[in-house]
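Below you'll find only one chain, the form predicted on its own, shown as structure tokens.
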């Protein structure tokens, strides 16, 4: 049985979103870091999407954008499409959402492929009634009461939200930063470390505050660099 709360399905039944059971007591729930991203069913440019089934086992970059045939959105989708191989190398699937009709999305995607030279072959989700956008906080009245803002989520293979970022409608996002954050999440998850400001692959990572000095010495050996009692760096593993 599917349970719908807060009007989380469209009148035509084509789009629905299911908030995880533990969150349903919250009257105005929006996704937070560490939450399981809600499951949803919607029509997309690749057909019907059952989000959890489609996403599980992969990292996911899910981003909303205001509308098809608009300048900033066009450059953002082209930017993501141009990094298809880089996303695949990190086990990342991209997916975007707007309130456009499928027909408009299809025409727009074909035009972008011709214009920028990269096929838009990740799913473009159609949420015309704003069902998913409303639950996930993608519509901001101070920006536009109807269009989705530039909100993005990085979701891990266990379907947990690991990053949330919002941009105003007038500013395009940078896929390089998305890839950097995914690299940082994957690197820090592997050894339970933290990433410093501006971290890039190959840079030292940081020991978490809750880790004792003795534990850090045992785990990291001569890779550990003690700068201060509160600032302990870990050099990358030597390349084999």
Ligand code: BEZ
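Numbering follows the first chain given and starts at 1. Predicted model, so just to flag it, every value in this text is computed and none were measured.
What follows is about the form predicted together with the ligand, which we do not show.
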Candidate stretches 203-211, 173-181, 65-73, 186-194 - the one whose heavy atoms come within 4.5 Å of the ligand in the predicted bound form: 65-73
Whether 80, 93 and 95 all lie within 4.5 angstroms of the ligand in the predicted bound form by heavy atom: no
Residue among 154, 135, 109, 147 with a heavy atom within 4.5 Å of the ligand in the predicted bound form: 147
Proximity to the ligand in the predicted bound form, single hit among 120, 87, 161, 169 (heavy atom within 4.5 Å): 169
